[in-house]
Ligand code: DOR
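We begin with a single chain expressed as C-alpha cells, specifically the form predicted on its own.
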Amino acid sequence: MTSNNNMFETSKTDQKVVDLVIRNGEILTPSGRQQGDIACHEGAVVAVGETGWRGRQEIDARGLTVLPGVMDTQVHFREPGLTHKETLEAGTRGAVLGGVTTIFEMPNTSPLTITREALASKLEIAARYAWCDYGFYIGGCRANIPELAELELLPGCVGIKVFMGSSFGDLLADQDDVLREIVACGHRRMAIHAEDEARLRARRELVERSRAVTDHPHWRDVETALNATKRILAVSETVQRRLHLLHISTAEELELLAAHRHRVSVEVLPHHLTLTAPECYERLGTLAQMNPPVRGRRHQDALWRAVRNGLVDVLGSDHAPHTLEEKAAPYPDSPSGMPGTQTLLPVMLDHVNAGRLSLERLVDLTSAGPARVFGIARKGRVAKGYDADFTLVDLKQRREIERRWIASVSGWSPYEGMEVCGWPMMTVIRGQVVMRDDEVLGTPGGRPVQFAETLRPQPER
C-alpha cells in the first residue's frame, strides 16, 4: 500500500482508508475558502474537499479554519553556544504551540554558521530535538567566499544570509568590495540585514550621551537603513542576484524597493506592524529594543499599505530572545532582540479580526509567500501532493497572551497581557498532530526542508 501508486486500503463500506482525515473544517485553498474534508496519507495530502475517505485518525474541525502550515522564515534559536537564551528544542516547541510548522534559523550562533561543519552540527541537533521542520542559513562573509556557491546547495541549507550591520566578528560584511564578492558567489536568493554599520558607529555617541532607549530609532535612523539598502541593491544589479530584504522598517525603503521587484522580495515583522515609537519604549523599555528599531506611526502606516498592496512577500518573526537579566542592562549596552515565533500567528490573527488585512493575505505572507520566494518543495498550500502541514485556528477565540504560555528559554514576550482574537488550536506536520489545545504531543520529529533549486542540476553562471 503506497500513496505514490494511489493505492489505499478499502473498508467494508468501500471507503478508502488513509492515515488522517480532517473533517468539517473551513479550508483555505489556493482557489479560496471551502468547507469539507482533507485526506492525508504517508505525510502528504491525497484529497481536498472529496468524500469517501476514512482515516485511521480523524479530526473534527467543525468551527475551525484550516490554514496551510504557517512558516516563520526568520528565527534565532541561539544553539549552539548561546543556549541560556534559547535552544532548538524550546524554540521549535514554541513554534508549534504558536501554529508554526516550519522555521528558518539564522547563522549568528557560536560558533557562527559559516562552514560545512557548523551547518552539520545544527542539523544533527535539530534531528534530535526539533518539533517542526527546519532549514538553516549559512552566513556569507569574507572568510567563506570561495565555498559559498557549494555551501548554499547543501541539504538543509536555506541559502546565504548577509549582515551588513548589527553583527560581529567574521559575520559582519560591511565593505562594498566584500559584498560584491559574496553576492557574486552562487545564485539562490540571498537574505540581507541592511543597516549601515559605518553610520551606526558614527552615531553611537548620540545614545552614549542620552542613555535613553527612546533614542533607539533616532540612533538607527531612516538613513541607516536606506543607505544600506541602496548599497546592496546596487551591488546585486551588477551580477543580477536575487535578494530577500529582511525586516524592512521604513517608508523610504519601501518606496525604493517597489522599483526593484524584478529581483527583490520583501519581509516585514509583526513587531513593526504592531508596536509604535515612542509608546512601546516608554512602556516596555529595553524589551522593545530590536534592530532595525520599532519606529513611529508614519512608517508603520507605510508598512501596512505595503502589506495590503502586495509589495510585501513574507512575514517573519525575527525571534531573537535574550534573558530578562541581559535586557535589564542599561541602554545602549542592553542587547537588541525579542521573542516572536510563538506569538506571530496570534498577533496577526488579531490584526485580521480587526480588519487590517484579510485571512487570505495572511496565508500568502506566511505560507504561499515563503514557498514562492524560497522555492520550498511541497509546502505552502493545502493541495494534493503537498506535505500535510496544517495550522488549525479558531478565529473567534479570545485569549490573553500569558508568560506561562511562552516556551522560549528566555521566558518572556513583549505582548504579555495583550488580548487577541484568533488562536492556533492544532498544529499538524506531515500528517502528525504535534500540538492540540496548547499541548505539545509525541516526540520531536522535525525534518530538514527541501528546496526545488537543490533538487535539480544548477545552471552555470
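Heads up: residue numbers just count along the shown sequence, starting at 1. As the structure is a prediction and not an experimental result, all values here were calculated from the model.
The same protein also exists as the form predicted in complex with the ligand; that form is not shown, yet it is the one meant from here on.
Non-hydrogen atom within 4.5 Å of the ligand in the model of the complex for each of Asp72, Pro370 and Thr391:
Answer is no for this spot.
Taking any heavy atom pair closer than or equal to 4.5 Å as contact, tell me whether Met290 reaches the ligand in the model of the complex.
Residue-level check for Met290: yes, a contact with the ligand.
Contact flag, Ser334 vs the ligand in the model of the complex, heavy atom cut 4.5 Å
Residue-level check for Ser334: no, no contact with the ligand.
Interface membership of Glu86, the ligand in the model of the complex, 4.5 Å heavy atom rule
No, no contact at 4.5 Å.
Given that the partner is absent here, does Thr250 sit within 4.5 Å of the ligand in the model of the complex, heavy atoms only?
No, no contact at 4.5 Å.
Check each of Thr286, Ser167, Thr274, Ser236 and return the one that places a heavy atom within 4.5 angstroms of the ligand in the model of the complex.
Result of the distance check: Ser167.
Quick one: of Cys141, Leu359, Ala320, Val307, which gets a non-hydrogen atom within 4.5 angstroms of the ligand in the model of the complex?
Here the answer is residue option Ala320.
With the ligand left out here, work out from 339-347, 290-298, 147-155, 117-125 which stretch has heavy atoms within 4.5 Å of it in the model of the complex.
Contact-bearing stretch, as computed: 290-298.
Hey, which residues along 141-164 are within 4.5 angstroms of the ligand in the model of the complex, non-hydrogen atoms only?
Only Phe163 sits within 4.5 Å of the partner.
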